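Encoded as structure tokens, the following chain is the form predicted alone, with no partner shown.
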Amino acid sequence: MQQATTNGTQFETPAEINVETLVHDDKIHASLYTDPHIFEQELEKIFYRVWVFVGHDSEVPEPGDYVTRQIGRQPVLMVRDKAGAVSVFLNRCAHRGTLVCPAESGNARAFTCPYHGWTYDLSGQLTGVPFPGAYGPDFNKGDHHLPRVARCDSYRGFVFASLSPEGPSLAEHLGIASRLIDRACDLSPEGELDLSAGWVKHRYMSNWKMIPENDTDGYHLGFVHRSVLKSAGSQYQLFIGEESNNKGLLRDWGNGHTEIEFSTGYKQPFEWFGGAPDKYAAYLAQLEHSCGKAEADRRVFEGPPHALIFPNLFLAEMNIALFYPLDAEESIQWHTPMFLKGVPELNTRLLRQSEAAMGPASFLLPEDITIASRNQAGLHARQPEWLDLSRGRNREYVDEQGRIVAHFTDEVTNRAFWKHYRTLMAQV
């Protein structure tokens, strides 16, 4: 297909690939992970349309606090204004397009573009233009504000943005999977999370879709993470061994949201936190005070969620992770420990636990990153063309809440991801 630039130059652009034909209910085509043209379509049809997790309101607690993030390739700025509201702007000066805020986080009274000094207040309004005499009387600062994302909304502190003015609301996008976020927040006696510890970033030499697929894949646990299972005691040892003895479950929550449910295999409260419930008696007492003993006992037995909120938020038990696509064969994941408001005495343990599980010198995440890069490399072999996703189709079922449920080692979560992916990519 040929297109013309404004000066008449002709150039070739690839025709849109019909991705629907590459995603079947039980298999997917390998090019979905390697084709740069498909990657560009994903940016347009997924990251620039759906609700994308940007940050948490605890990261910007005071007026003027800000963090910079990305939606796909587009830089955005999340900031709390003087009235206390959290907004998300495109991080681009209205003058020449420079990043208005190049820092990752901080506090500011205003944002001044480092190129020519155009200045914006915390609500994105243009307040200052150096040497304004060069502009005519028709120049209106109100026409040159920081562009807001089309839609911004939050759920229990998790801030999401959509670059499309149309589409499902955030509540519709989350659907019943909002309960997964509730499960995380409800571990706090105050019902709130604190993501103030800072973020660690890991670069994956793999397609972005391998991250959410792997995050809720139980099948790989006993193979990729064999070293940690042999060298250190953890709750994950309950989910290896004979297939019939593994009580973990996978769930499809709809809209691409998926989960590994570990609590069905737990044997005691706080299994997810290293066991030894007596160590956390003070925390448990606070939780009982806030929600009652029976509810507190249920929460500390089930523990945090291990779940993906499509497309880029991973509720990683006592960590929160987000990820960005960089190109068809490279992506980056951020993670931070999930602190619980009201129990700061747990923070040091949560921080050390986060370092041990997901830090650069840890076991779990480096192992996942390594296998993802090998997976990406292997996909460049051109045969076979298709990847099988049929594992467990014969034993999945729908539970009383409408979720599709399957065995811990099945691929129901992969199928759920690709089913929603196919729906989004089929849109015009």
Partner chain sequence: MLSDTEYRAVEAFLYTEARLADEARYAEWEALWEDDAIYWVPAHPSGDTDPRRQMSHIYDNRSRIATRIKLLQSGYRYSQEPASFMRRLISNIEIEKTDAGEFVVGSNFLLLELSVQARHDLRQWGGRTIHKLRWVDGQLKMFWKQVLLVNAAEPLPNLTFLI
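These figures come from a predicted structure and were not determined experimentally. Residue numbers count along the first chain shown, from 1.
The same protein also has a form predicted in complex with the partner chain, omitted here; what follows describes it.
Student: Within 4.5 Å, heavy atoms only, one stretch in 358-366, 32-40, 391-399, 48-56 touches the partner chain in the model of the complex. Which?
Tutor: Looking at the other structure, the answer is 358-366.
Student: Could you spot which one of Lys141, Arg156, Lys201, Lys82 gets a heavy atom to within 4.5 Å of the partner chain in the model of the complex?
Tutor: If I apply the 4.5 Å criterion carefully, the residue I get is Lys201.
Student: Report the residue, out of Thr264, Ser196, Ser164, Gln74, that has at least one non-hydrogen atom within 4.5 angstroms of the partner chain in the model of the complex.
Tutor: It is Ser196.
Student: Can you check whether Pro337 is within 4.5 Å of the partner chain in the model of the complex, heavy atom basis?
Tutor: Pro337 belongs to the contact set for the partner chain.
Student: Is Ser231 close to the partner chain in the model of the complex, meaning a heavy atom pair under 4.5 Å apart or at it?
Tutor: Contact check for Ser231: yes, within 4.5 Å of the partner chain in the model of the complex.
Student: I'd like to know whether Phe223 contacts the partner chain in the model of the complex, with contact meaning heavy atoms within 4.5 angstroms.
Tutor: Phe223 belongs to the contact set for the partner chain.
Student: In the model of the complex, does Gln70 have a heavy atom within 4.5 Å of the partner chain?
Tutor: No, Gln70 sits far enough from the partner chain in the model of the complex that none of its heavy atoms falls within 4.5 Å.
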